[in-house]
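What follows is one chain in structure tokens, specifically the form predicted on its own.
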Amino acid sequence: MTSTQAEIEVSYDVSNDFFRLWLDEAMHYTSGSYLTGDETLEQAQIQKAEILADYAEVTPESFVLDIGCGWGSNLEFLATRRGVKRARGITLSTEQCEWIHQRGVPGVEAVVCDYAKHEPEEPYDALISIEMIDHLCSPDQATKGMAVELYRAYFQKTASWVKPGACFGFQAILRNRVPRSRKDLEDLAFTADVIFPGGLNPRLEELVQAVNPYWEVLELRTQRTSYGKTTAEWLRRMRLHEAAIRETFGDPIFDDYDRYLSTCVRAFERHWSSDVQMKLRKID
């Protein structure tokens, strides 16, 4: 991981109770999939999980790894809605890992671990990763032309963990256009430096380059508008709790997250950012 454990904990360990105020009931902190545009946030998150489980060709007998598993929302989906008997997640956030342990979902386990150091005791049948790859390449490394190299090392490593022909349900935030106004550039820099230090969203063409020669892209869909709707709903829900957040967590937390989420809404609306889902199959 390029992002250190300390940087990951800046992003995700503010407080589980804080995130519970504005995420969906299962605590998905990634884009939902709005297929009609009329879904609730909860429905869109379930649809996202369904798409990625289908891409990974998950069955109840699959041994599944969720790379960057967050608060375990996708792990819980796999266990409770897909009947998966063994689902493991890895994360660098101690708060998130403890949350998963507290849930105690049968068949689900979580480990605090850098993906680059993970060595499974047996091969996995399927992989899922949802918006974790933005922690692999720093802005400085991208400027030095290292992005594809770092992403390719990730896809090489993940391919070594799975059985022949295994599939990978993969989702990533994308960076597209660069805004032209100073205010917009400052807001994006704030989001990167304060909310998600050490990380950078990949470009789509970098990912398509990097999967080779380890994975074949079988399907690819982008969902820019879905992430716009997701972040807009997060912002709406957070603002409903403004007084409680300011009292409990302090003014800077509310102000920082209000700025961050407002910037996200604008970024997806104006095509600075997007989101991609891919079905990958291991090349044997």
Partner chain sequence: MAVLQPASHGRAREKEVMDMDRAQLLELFKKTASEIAEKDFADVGEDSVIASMGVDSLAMLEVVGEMERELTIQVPDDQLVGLETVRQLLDMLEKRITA
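Positions refer to the first chain, counted from 1. Note that the structure is predicted; figures quoted are calculated from it, not measured.
The discussion below concerns the form predicted in complex with the partner chain, not included here.
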Exercise for the section: Choose one stretch from 70-78, 180-188, 83-91, 165-173: the one whose residues place a heavy atom within 4.5 angstroms of the partner chain in the predicted complex. Expected result: 180-188
Handout entry: Partner proximity in the predicted complex: His118 to the partner chain, non-hydrogen atom cutoff 4.5 Å
Key = no
Practice task
State yes or no: in the predicted complex, is some non-hydrogen atom of Arg20 no more than 4.5 angstroms from a non-hydrogen atom of the partner chain?
Solution key: no
Problem - Non-hydrogen atom contact Arg152 with the partner chain in the predicted complex at 4.5 angstroms - result: no
Problem - 4.5 Å heavy atom contact, Lys157 and the partner chain in the predicted complex - result: no
Handout entry: Residues from 253-284 in contact with the partner chain (non-hydrogen atom within 4.5 Å) in the predicted complex
Key = Arg270
